[in-house]
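Structure 1 and structure 2 below are two forms of the same protein chain, each written out on its own as structure tokens.
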Structure 1
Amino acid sequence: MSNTIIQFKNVTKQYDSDPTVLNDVSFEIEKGKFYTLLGPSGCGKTTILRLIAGFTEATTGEIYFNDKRINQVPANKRQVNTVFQDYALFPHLNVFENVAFGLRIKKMKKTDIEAKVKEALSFVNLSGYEAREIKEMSGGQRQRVAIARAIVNEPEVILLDEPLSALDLKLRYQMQYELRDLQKRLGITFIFVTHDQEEALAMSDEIFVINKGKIQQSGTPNDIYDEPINRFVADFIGESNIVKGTMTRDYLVEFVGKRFECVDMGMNTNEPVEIVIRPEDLEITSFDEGMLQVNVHSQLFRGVHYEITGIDQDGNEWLVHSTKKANVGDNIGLKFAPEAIHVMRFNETEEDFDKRLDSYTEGDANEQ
């Protein structure tokens, strides 16, 4: 009994002679986890969901569900339910009938349907709304009806296509908690699509970062935030300072004309690389003590921190999140720990990247 519920093997999707929408995508989804597909508009997130749900067919490659190939299985025979981006609630049916739709098709007994629909509605905090028409519901309530309509069928997997994108910020945060909570209570696998990186980081067990029809990186929110594989991921997930550098040798990297100690190794001598340093890993000190010297260009108060941009003598811009205040126009120093430096190789595959990271952790373990 493997824990894998969905598997994509070298799936490619192409419409007519357009460029490929998905290009040789492979991944595995495990039971009972919360997955997020994250990427910019048009990168193929919805296409992946549609392939899983069965609304469209892969051009090449295989899709497995519980170890069975399902490429040819029609959507109405799949153990998957979808919460659509625009909810797709049936306008001619009331809330109760919308939720009951799937159960009625299964020809379930009337009393059972009633009990299940009631239960599903109470799951999403909509008890008492049974008789309402869809157009009498607010956006957030509609979304919850859509979720209830999916969970009531007790599928093994629920696909959610940007279900929160239409909500205001406050309701959105609230729904993020409710969704995550719901997933934990039900123990169903959730595959959630968003292009909001904060949402992805907050909710997921695992994130797939997608760009141009390829999975760039997959991992826990921490992995992806702390160890982005390439410039795209670093830039897309959170704010970052990215500069060009060279790996002088193991544990020593050169950028902005200086050499710094780092924790990365296993690359060629003098290999050109890119360096990421997160703004919150930079600390303000005096000009002389700083490892980098910058001139403060602007400062914004963001509530929990100041967002400061400084420009070094080479003209690189450095973004700093600091609880300490600086003065615009001042020359200040910036300090950071060796762990704060993330080295990214050009064109490294995810496999090689994971291997390299594993080798450090093993190395660390040996030293201790």
Structure 2
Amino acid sequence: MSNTIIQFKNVTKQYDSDPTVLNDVSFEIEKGKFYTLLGPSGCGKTTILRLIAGFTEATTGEIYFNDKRINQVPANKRQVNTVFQDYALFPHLNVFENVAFGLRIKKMKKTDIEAKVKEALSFVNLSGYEAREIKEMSGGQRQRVAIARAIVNEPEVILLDEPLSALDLKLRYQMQYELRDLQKRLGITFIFVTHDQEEALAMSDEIFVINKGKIQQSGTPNDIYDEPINRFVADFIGESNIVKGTMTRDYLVEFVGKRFECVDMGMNTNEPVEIVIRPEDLEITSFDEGMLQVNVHSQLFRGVHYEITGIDQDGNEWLVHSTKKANVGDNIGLKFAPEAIHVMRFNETEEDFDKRLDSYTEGDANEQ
């Protein structure tokens, strides 16, 4: 039996004569995982959520839920519930009645409603708040009420449209842990929309990075962070140093006028490429010992590390995260391991990228 719960096949969405919102998008969502749709405003991530919920229809393409085509299935017939950015709670109803609303629409027995509402509120740590008015609740409590209202209907999928964006930073971090824990306890599929890359990395089993109506890359948080497929993903997920280079041959790349050993292979000889090195992978050393030499342009203390920018002789700016301090104006060296160099091909598709990664694994196995 298939573990896929939602499938998009070549889905395009366009409103009248406006630019295409989604462009030939295909993907699969598995049961029981926490997925995040990540991208900048207007990239199409909320449109995907609305298509799954049934709030809008695809212009072309097929959408399946448990292997059944649902393009024309109305929203109220789909086994999904949505938690909106503004929570969409009824201000004139108390906590109990907000959570019970969907069950009353189904004309469920009073005793069953009471049992299910209490169970849902217990799941979100709001037992005893049944009679509380919505206006008396904090932002975090209101979010929990919205989630309880979603799970009380026992959906197979919960859709969350930037539900943490209105919370202050400390509460936002707390709710990230609570949402992830709740998803694991419920064992159902969560699809979470955000433009916050730290949030996506912290919470997700799988991330879809979206830009201009297309999925740029999908994978685990580690995959996305360590092996970005293109400049957009590398730049959007975390902070990156990106420079142009040349893939001299397998495991050898040239940039900033020097050749460095790397772990990438499977490209053309002397192929133009882009190089990514994360700031935390650069180690400060003496000027003479550095694989790169830079002049320190600025330094900020970020609590757990110093954020240092340096300029090399070609004018490239290098961002460094280090526990070592450097003084503005100093000339310093930077070291990095071959594994810290990530080589990106121009215009490589995700399918070709995945095949290339698989070839690394096969190569390692053959060496053993």
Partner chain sequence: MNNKLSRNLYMIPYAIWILLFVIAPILLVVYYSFIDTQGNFSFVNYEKFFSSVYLKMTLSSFWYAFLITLISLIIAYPTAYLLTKTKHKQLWLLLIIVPSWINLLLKAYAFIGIFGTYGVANSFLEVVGIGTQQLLFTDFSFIFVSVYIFIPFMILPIFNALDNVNPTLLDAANDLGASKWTTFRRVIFPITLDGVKSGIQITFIPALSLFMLTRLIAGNRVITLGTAIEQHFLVTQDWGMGATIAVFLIIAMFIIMFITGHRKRGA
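For numbering, take structure 1's sequence and count from 1. All values reported here derive from a predicted model rather than from experimental measurement. Throughout, rigid core stands for the largest set of C-alpha atoms superposing within 1.5 Å between the two forms.
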property: Number assigned to the form predicted alone in this pair; result: 2
property: Exceeds or equals 2 Å, Cα of residue 93 between the two structures, core fit; result: yes
